[in-house]
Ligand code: HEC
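Below you will find one chain, with nothing else, as structure tokens; this is the form predicted alone, and questions on how it binds or moves follow later.
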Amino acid sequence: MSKLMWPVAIGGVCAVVTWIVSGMLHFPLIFQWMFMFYIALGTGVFLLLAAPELPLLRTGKAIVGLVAFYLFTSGVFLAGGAILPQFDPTVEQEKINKILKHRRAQFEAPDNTEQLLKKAQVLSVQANDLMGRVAKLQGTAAPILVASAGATLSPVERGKEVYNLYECYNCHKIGGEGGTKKRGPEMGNLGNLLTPKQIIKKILSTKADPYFYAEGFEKEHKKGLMPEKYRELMTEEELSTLAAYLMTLKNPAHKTPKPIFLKDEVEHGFTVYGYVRDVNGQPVPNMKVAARPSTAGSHAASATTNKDGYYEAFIHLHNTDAGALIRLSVRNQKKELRADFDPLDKTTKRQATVDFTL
């Protein structure tokens, strides 16, 4: 009996140590249970080695014993295969094909595709201008025509696809989902804290040349847990659409930590940024966005949306202007926001986001 107790005791100690260490290393719970399963199998092997010899079976009993042992071991392996997570190469291949699909299209497209798209954008702007004049004469709102490259997904939908294809959910949570490795912050309110340019710059930054880190994640930042492979892997299109998707995450109920910027000066200005899109979620380019603070002596600012419908207006504000009302307008739409910032905070960017739907 003492021979059987030693394998059980050693297996128990290994299980406790493995569970604690894997938890400290932030392994997902399913992996922790996998480790327990393997330790149990190993303990079972040593129990068989330490067990007393079975009586020798002959003839029919030997065949029955062999078949029973085969069925038992097969059942154990089949049960383990059904319970434990499995690697599906077809799923991974599908992800790779989706990532490469847009890159193949760039090489397979005719040489004049870019020129045609630029001409289409110019014609779209001219058409919008003409329709705006007609609508002004008629006293109605003008519809917006946006040149399309034939994509079936909106920039936000494409960005969400990029997020999933690169498996960003392994380290980050959105609305409480994902982030099994607990290496990155919750991102459910990221759109209220960062501009698209800041998001892209963070993705491309390295441990040697950091841009900012999330408050409370300084240890992970110093370890360089954010992969640097995206500098070589991700295209400009993937970066811009991913940023567009992340900019839609604006739920203050989610505890997204604020960014701690390491080099940039945050005083003497306030940035208002966002997207102008149509009702179908498509970007509206070349649209002027005006921003005017209510404080005396302040200067108005304006910005024009780019091809992604993004604008960014910098307003010159001082520490004494904290809480100032800022009025924004795009065509016939108007919105207001407060320049809420702490004059004593030297690490948090003074900025806010406002989106428009035309």
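Note that residue numbering follows the sequence shown and begins at 1. Computed from a predicted model, the values in this text were never measured in an experiment.
The same protein has a further form, the form predicted together with the named molecule, not shown here; the description that follows concerns it.
Colleague: Taking the named molecule as it sits in the predicted complex, is residue 257 in contact with it (heavy atom to heavy atom, 4.5 Å or less)?
Modeller: The answer is yes: residue 257 has a heavy atom within 4.5 Å of the named molecule.
Colleague: Give a yes or no for residue 184: in the predicted complex, does one of its heavy atoms lie within 4.5 Å of a heavy atom belonging to the named molecule?
Modeller: Although the named molecule is absent here, residue 184 would touch it in the predicted complex, with heavy atoms inside 4.5 Å.
Colleague: Please tell me whether any heavy atom belonging to residue 278 falls inside 4.5 Å of a heavy atom of the named molecule, as the geometry stands in the predicted complex.
Modeller: No, no contact at 4.5 Å.
Colleague: Considering non-hydrogen atoms and a 4.5 Å limit, does the named molecule approach residue 227 in the predicted complex?
Modeller: Answer yes; at least one heavy atom of residue 227 falls within 4.5 Å of the named molecule in the predicted complex.
Colleague: Answer with one of 156, 99, 203, 249: the residue that has a non-hydrogen atom within 4.5 Å of the named molecule in the predicted complex.
Modeller: Spelling it out, the residue with a heavy atom inside the cut-off is 203.
Colleague: Tell me, out of 284, 272, 242, 174, which residue has a non-hydrogen atom within 4.5 angstroms of the named molecule in the predicted complex.
Modeller: Exactly one residue meets the criterion: 242.
Colleague: Does any residue in 201-239 get within 4.5 Å of the named molecule in the predicted complex, counting heavy atoms only, and if so which ones?
Modeller: Heavy-atom contacts to the named molecule in the predicted complex: 202, 203, 212, 213, 214, 217, 220, 221, 225, 226, 227, 230, 234.
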